[in-house]
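What follows is a single chain, given as structure tokens, in the form predicted alone.
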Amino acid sequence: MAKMIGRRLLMLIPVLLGVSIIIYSILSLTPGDAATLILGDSATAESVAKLREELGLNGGFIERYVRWLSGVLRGDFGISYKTRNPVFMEVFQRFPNTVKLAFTAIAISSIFGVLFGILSAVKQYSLIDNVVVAATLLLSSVPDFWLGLMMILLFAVKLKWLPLSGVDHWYNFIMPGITASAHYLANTIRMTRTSMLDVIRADYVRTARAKGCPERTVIFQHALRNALLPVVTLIGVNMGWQLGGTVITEQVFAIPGIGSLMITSIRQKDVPVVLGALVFIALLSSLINLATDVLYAYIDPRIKSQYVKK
């Protein structure tokens, strides 16, 4: 197990390097100049040239990238072109809000997705199953921004049950969490239902029933544990997507998170902030995938035996 974790951690190096090269190339090829955007079109050529020198924008693509990479290796992700604050500070000021939103959405989609998926599989072709399947189709079709706006109009404006925006209290993340979890909830329900339907028809499940095991024991101890592997994979992937994919939700509910920071930085061509945020998200996503693989071993002993042999 330790060797597997070590190999996966070493694989993070080329992954993060590739992500940084791709993002840096895309941002370098986009039109516009950061110095001109900061100073405005009325700025003189001398002031633009001076600012470009201060920001390190002079030189070729390779020279600028190597300069940025050497700073990263020393723990320096650069300075924001717009605010002149360290990139590390800019990202970590907003990171807690994104984490709260992402984990709220993942908790909602994981808990209710697994429960409704199990219920739908156990009650296959019943009224409950048909309602759950119809609900998953609806949740998959509803755009996030529309769902967020409708929740704001109903629960914040009309009923006044929840605050319109803000990040100071846990209830500020109820509506954003539900909005961000809609598509992931539908996917988790479908995956759990499909996996459970495959497992509950297996011979060992019929044997457990024939031995007189209670139906709850058969479902939650015999069937669910083997059906969880693809669901755990999906939840791990969803968590990685949530960390960088909450842009729309953050915009609708005015949440100062990493997603809104990246959108603002891209518009201003603030390359260091965009690079720092994306590399940080890529690192977290890779670590989450690693944690998902490790979790496999505790769910399925067969996978753990493969790691031990290696």
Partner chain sequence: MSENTNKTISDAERAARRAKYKKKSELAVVWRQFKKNKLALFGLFVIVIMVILALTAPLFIDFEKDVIEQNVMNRLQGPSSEHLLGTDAYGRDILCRLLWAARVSMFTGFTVIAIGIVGGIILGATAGYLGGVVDNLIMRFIDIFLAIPFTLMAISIVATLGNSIPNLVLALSLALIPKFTRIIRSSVIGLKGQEFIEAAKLCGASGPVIVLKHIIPNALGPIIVEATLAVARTIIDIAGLSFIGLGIQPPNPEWGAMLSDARKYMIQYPYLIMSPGIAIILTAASLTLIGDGLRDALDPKMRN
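Numbering follows the first chain given and starts at 1. Computed from a predicted structure; not experimentally measured.
Although not depicted, the form predicted in complex with its partner chain is the subject of the following passage.
Location of its partner chain contact in the model of the complex, chosen stretch of 228-236, 94-102, 77-85, 138-146 [non-hydrogen atom, 4.5 Å]: Comparing against its partner chain in the model of the complex, the contact stretch is 138-146.
One residue of 299, 23, 294, 9 in contact with its partner chain, assessed in the model of the complex (non-hydrogen atom, 4.5 angstroms): Only one listed residue qualifies here, and that residue is 23.
Consider the chain as shown here, without its partner, and state which of 69, 38, 247, 48 has a heavy atom within 4.5 Å of its partner chain in the model of the complex. None of the other options qualify; the answer is 247.
Its partner chain in the model of the complex: within 4.5 Å of a heavy atom of each of 18, 30 and 262? So, yes: the whole triplet contacts its partner chain.
Any non-hydrogen atom of residue 208 within 4.5 angstroms of its partner chain in the model of the complex: No, no contact at 4.5 Å.
Using heavy atoms and a 4.5 Å limit, would one call residue 219 a contact residue for its partner chain in the model of the complex? Heavy-atom contact with its partner chain at 4.5 Å: absent for residue 219.
Report yes if any heavy atom of residue 153 sits within 4.5 Å of a heavy atom of its partner chain in the model of the complex; otherwise report no. Because a heavy atom of residue 153 falls inside 4.5 Å of its partner chain in the model of the complex, the answer is yes.
At 4.5 Å between heavy atoms, is residue 285 in contact with its partner chain in the model of the complex? Answer yes; at least one heavy atom of residue 285 falls within 4.5 Å of its partner chain in the model of the complex.
Judged by heavy atom distances of 4.5 Å or less, which residues of 156-187 approach its partner chain in the model of the complex? The stretch touches the partner through 157, 183.
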